[in-house]
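For reference, the chain that follows is the form predicted alone, supplied as structure tokens.
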């Protein structure tokens, strides 16, 4: 199973091209619908942090959802059933890496589905799709 991976975070220059690509995939012109995040760790001198869902083996976001709107799948990570979601935000609070982003227009979470669309837009090779046998044990 291939998952989106941060191959070399030290190469990230904070350009946010991955974020723009993710938002464009969702037909959004800005960054509002990006399911990947890039934040400064202190600028160019201290680098940047790329935040993306790790698809934990026992995801805290899934456990925190009171309506079972989130499900962990083998193929695409964490999936949201929008009809079940009540917009409580428990999933976002529970994510230990801060990878549950929020769509404030519909009041629902956005989580990377590991499609890899952003990979081709990263000019520095920070991201890639890697075969993952043992998923993250966070949570």
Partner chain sequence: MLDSDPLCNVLYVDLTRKRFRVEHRQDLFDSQMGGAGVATQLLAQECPQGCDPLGPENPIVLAVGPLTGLFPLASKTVAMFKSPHTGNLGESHCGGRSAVSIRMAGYGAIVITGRSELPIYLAVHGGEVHFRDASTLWGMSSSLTVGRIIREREPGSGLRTIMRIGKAGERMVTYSCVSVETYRHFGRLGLGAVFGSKNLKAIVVSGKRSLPVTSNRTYRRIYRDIHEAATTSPAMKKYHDLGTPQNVLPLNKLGALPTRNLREARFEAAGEISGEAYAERYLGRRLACSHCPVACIHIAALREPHETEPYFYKTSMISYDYEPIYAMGPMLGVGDPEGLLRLLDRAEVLGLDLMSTGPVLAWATEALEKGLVSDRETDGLNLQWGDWKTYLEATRRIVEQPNDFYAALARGVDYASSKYGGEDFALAFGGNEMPGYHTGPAAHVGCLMGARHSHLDNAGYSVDQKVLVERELSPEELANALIKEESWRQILSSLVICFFAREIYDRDTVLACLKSVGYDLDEEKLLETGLAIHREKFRFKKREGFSLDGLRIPGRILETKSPVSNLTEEYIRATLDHVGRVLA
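Numbering follows the first chain given and starts at 1. Here the rigid core means the biggest group of C-alpha atoms that line up within 1.5 Å when the two forms are laid on top of each other. None of the values given here were measured: they were computed from a predicted structure.
Not on display, but discussed next: the form predicted in complex with its partner chain.
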Legend entry - Single option in 28, 107, 58, 73 placed near its partner chain in the model of the complex, where near means a heavy atom within 4.5 Å: 28
Inset, instruction - Look up in the model of the complex whether residue 80 has a non-hydrogen atom within 4.5 angstroms of its partner chain, and give yes or no. - result: no
Inset, instruction - May I ask you to check whether residue 125 falls inside a 4.5 Å heavy atom distance of its partner chain in the model of the complex? - result: no
Legend entry - Touches its partner chain in the model of the complex: residue 38 (any heavy atom, 4.5 Å): yes
Legend entry - Contact test in the model of the complex: residue 45 vs its partner chain, heavy atoms, 4.5 Å: yes
Legend entry - Among 50-58, 82-90, 30-38, 63-71, the region lying within 4.5 Å of its partner chain in the model of the complex by heavy atom distance: 30-38
Inset, instruction - Enumerate the residues of 76-96 that have a non-hydrogen atom within 4.5 Å of its partner chain in the model of the complex, in sequence order, or give none. - result: none
Legend entry - Exceeds or equals 2 Å, Cα of residue 66 between the shown form and the other one, core fit: no
Legend entry - residue 30 C-alpha shift between the shown form and the other one of 2 Å or more, rigid core reference: no
Inset, instruction - Determine, after fitting the two forms on their core, whether residue 83 shows a C-alpha shift of 2 Å or more between the shown form and the other one. - result: no
